[in-house]
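Given as structure tokens, the chain that follows is alone and in the form predicted on its own.
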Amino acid sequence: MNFSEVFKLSSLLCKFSPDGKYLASCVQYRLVVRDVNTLQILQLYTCLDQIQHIEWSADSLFILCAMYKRGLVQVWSLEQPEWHCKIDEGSAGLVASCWSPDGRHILNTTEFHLRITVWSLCTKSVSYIKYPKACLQGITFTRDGRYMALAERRDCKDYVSIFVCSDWQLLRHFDTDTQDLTGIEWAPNGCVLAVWDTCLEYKILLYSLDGRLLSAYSAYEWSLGIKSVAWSPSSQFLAVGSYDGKVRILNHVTWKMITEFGHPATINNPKIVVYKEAEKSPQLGLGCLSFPPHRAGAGPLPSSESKYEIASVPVSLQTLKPVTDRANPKIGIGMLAFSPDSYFLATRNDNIPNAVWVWDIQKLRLFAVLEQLSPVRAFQWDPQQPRLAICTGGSRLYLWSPAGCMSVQVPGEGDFAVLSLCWHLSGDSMALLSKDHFCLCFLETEAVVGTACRQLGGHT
């Protein structure tokens, strides 16, 4: 495993282009575009203010930079570096900006969610969509880019409007049986729209493209409800993470629950492999993949490294006592994600913050648990294979696959605190992001990593 040099970064703004050729990063008001293979700077753009959001167009030809404080959006072209576009929302302000799937329209949401402005880069025309709802996830596009669903709020009721993205004409408009709609998400196949209610009302609704209610699901009443939702890439399963510390799996045939996964603080089943991160001193011997060979000029060696050990059951996981009389208590399933082949589901229960749970979706059972020394900040699946990358805000990167686990020290001056990460679409590399810097991690082939993991006591 190899690492690039460290580059400056602001606000964790670093994204690979959809075609995998470029890497964009921000340093305050500057946008830097690099070649992914050489990491040489291809373009350097200067914006009018500090950048708060960046987003590639779907064809990787344009990149959007949003400056919410000034109500500005600037768009840059990679093919024509002299071309650029500035959108000023003026007194209406700006709270969100995104591309349409065709990469030629920009959707800006004004302050107080008064409207969404649709700007065309081709015709320079402007259209408006009224009443967008202020919620966590109020806009979602089908994967083929044909339709957009928008959550709306008017006359104290929730609605969903479905638009045709080619001409922004309204296709369907229907009200939802929700108290306070919180999020909407298309299934990957674009056939079903999931709509879920506020955490005060456990309700998730499934609608067809023509607005028909296919099913409604509620697990319980009179308690905090849904916290997170994720579709499987195959569109066959919908995972619903709840504040009661369970994940319910709904199937795509009847939209009924087929199983629920609990997250107990003690694991007693001897068939479950529990990997515990443990600190060890360097002089005790270096594991084959504990950290990569130390580069010249990469700073002093770390005082300690870590490895995974397989714990004997019963295993008691570290728990956090939540403060339940405050908003957003640290309980329930705050993170969940399916592997690209839909075989595995990774979850985190927020009051057991150091643990990542990996579930076998084919057999509907717990497959493995990884307990870290620090709370898990983020995890993300390799786009090409069932391999999970985890970071905890420290200077290590963690990888899990069915073959086993590994802990990798990120080299660099001082401690490189990995706060977030993102995979390249090939699965051969990933960007590791800290508060002020980022670097690329280049991974070895699956065969080499699998062999090394088994040497570390991997489990199959």
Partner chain sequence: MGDWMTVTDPGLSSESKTISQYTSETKMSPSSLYSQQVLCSSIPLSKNVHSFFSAFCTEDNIEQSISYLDQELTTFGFPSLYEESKGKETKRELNIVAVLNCMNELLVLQRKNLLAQENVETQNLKLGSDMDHLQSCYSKLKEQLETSRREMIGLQERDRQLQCKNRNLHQLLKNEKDEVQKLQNIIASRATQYNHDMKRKEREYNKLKERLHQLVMNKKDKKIAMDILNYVGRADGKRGSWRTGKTEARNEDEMYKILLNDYEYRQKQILMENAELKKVLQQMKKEMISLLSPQKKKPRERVDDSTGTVISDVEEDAGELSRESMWDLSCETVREQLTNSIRKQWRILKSHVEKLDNQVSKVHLEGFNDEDVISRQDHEQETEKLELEIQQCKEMIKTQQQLLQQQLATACDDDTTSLLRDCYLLEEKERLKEEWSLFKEQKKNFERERRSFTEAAIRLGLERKAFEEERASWLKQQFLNMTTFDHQNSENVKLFSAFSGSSDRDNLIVHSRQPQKKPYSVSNGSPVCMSKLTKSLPASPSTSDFCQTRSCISEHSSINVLNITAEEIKPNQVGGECTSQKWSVASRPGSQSFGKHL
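Every value quoted in this text rests on a predicted model; they were computed, and no experiment measured them. Residue numbers count along the first chain shown, from 1.
Below: the form predicted in complex with its partner chain, not depicted.
Segments offered: 117-125, 368-376, 333-341, 256-264. Contacting its partner chain in the predicted bound form at heavy atom distances within 4.5 Å is 117-125. The contact residue chosen from 98, 272, 209, 199 relative to its partner chain in the predicted bound form is 209, the criterion being a non-hydrogen atom within 4.5 angstroms. Out of the listed residues 213, 191, 278, 323, 191 is the one that sits within 4.5 Å of its partner chain in the predicted bound form by at least one heavy atom. Interface membership of residue 314, defined by any non-hydrogen atom within 4.5 Å of its partner chain in the predicted bound form, is ruled out. Although the partner is absent here, residue 364 sits far enough away that none of its heavy atoms falls within 4.5 Å of its partner chain in the predicted bound form. In the predicted bound form, no heavy atom of residue 241 sits within 4.5 Å of its partner chain. Taking non-hydrogen atoms only, residue 246 never approaches its partner chain to within 4.5 angstroms in the predicted bound form. Of the residues in 75-94, those that come within 4.5 Å of its partner chain in the predicted bound form through at least one heavy atom are, in sequence order, 82, 83, 84, 85, 86, 87, 88, 89, 90, 91, 92.
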